[in-house]
Each structure stands twice: as C-alpha cells, then as structure tokens.
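Let's start with one chain on its own, the form predicted on its own, as structure tokens.
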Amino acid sequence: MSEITLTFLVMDGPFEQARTTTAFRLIDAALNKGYNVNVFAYEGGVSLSFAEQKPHANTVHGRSFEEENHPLTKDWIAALQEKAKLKECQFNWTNCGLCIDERGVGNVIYGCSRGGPKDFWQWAIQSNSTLVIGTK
C-alpha cells in the first residue's frame, strides 16, 4: 500500500462541466500510480454518486439508447472503487450530508458515505496534497 494520499474536493454535478471529467481522470491517474485517494463531494458534486442516474437515448441527435452509450458518473465511481481494490489502495468517497439533503440525492451507490466539511478538513491536513476543483 502506498504511503502517498491525495485528497480531492469536487463541486460540480454530473453532465455539466468538463471539470468533472478532469477530476475523474486525475483520480484515476492517482489510483493507477497506487496512491490512496479521498474524495469529498460538495454542493452539486454530491449528485455524482446518486444511484438513480439512468442512461438515455438522444432523440435530438437520432441516436438510440445503445448508440448513445451515455456514461454515468455513478458507474465511474464504482469503477474507481474496483480499481482501488485491485491496486490495494484506499479509496474513500464522502458526500456532504447537508448538500445531499438540499438536492434530495441521498440514495447513493454502495461504498459512498455521508459526512461534512470537517471530514474534508481532516483529510486535507492528513494528506500529502489536496486539490479543490471548484465551480466557476
């Protein structure tokens, strides 16, 4: 197990900004290097792990459900959890509880927990580095 731990704070919801995809790429790269990763989802970021996300067709572009192959952030998180297991890394995903309540997205995928800004602060002081990917 690595002794390097990185903490990320993500604030954007799914399907809105390229920052979300960039955050997932950075987290994936950290796990590929065998680093331990903490993710604190804040504000709209708590929707990333919402279990009720559903793929859809894109009738505007004339693509079927299968052709659209719509990616879901909840599946990306699950894939990161699996990668962490294979790499024997720690991977923690915590959502801000108040932000979850505000948005009604409390049904999250397995392995994601509920917490508060204090959890982020504790991870930040214990980690080798922290990256906040804020909203614009």
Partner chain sequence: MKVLQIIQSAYRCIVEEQDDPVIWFAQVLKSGDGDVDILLKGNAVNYAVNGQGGDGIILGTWQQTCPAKVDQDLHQALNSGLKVYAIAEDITLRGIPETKLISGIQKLSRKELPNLFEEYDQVWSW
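Given the structure is predicted, the values throughout are model-derived calculations rather than measurements. So that the term is clear: the rigid core is the largest set of C-alpha atoms that superpose within 1.5 Å between two forms. Residue numbers count along the first chain shown, from 1.
What comes next is about the form predicted together with the partner chain, which is not displayed.
Shown here without its partner, the chain carries His61, Asn69 and Glu82, all of which come within 4.5 Å of the partner chain in the predicted bound form through at least one heavy atom. Residues with any non-hydrogen atom within 4.5 angstroms of the partner chain in the predicted bound form fall in just one of 102-110, 52-60, 36-44, 88-96: 52-60. Mapping the unseen interface onto this chain, Ile125 falls outside it, with no heavy atom inside 4.5 Å of the partner chain in the predicted bound form. Looking at Trp121, you'd find every heavy atom of it more than 4.5 angstroms from the partner chain in the predicted bound form.
In the predicted bound form, at least one heavy atom of Pro14 sits within 4.5 Å of the partner chain. If you take 11-25 and check each residue for a heavy atom within 4.5 Å of the partner chain in the predicted bound form, you get Pro14, Phe15, Glu16, Gln17, Ala18, Thr20, Thr21, Phe24, Arg25, in sequence order. In the core-superposed comparison between this form and the one not shown, Asp75 has its Cα shifted by less than 2 Å.
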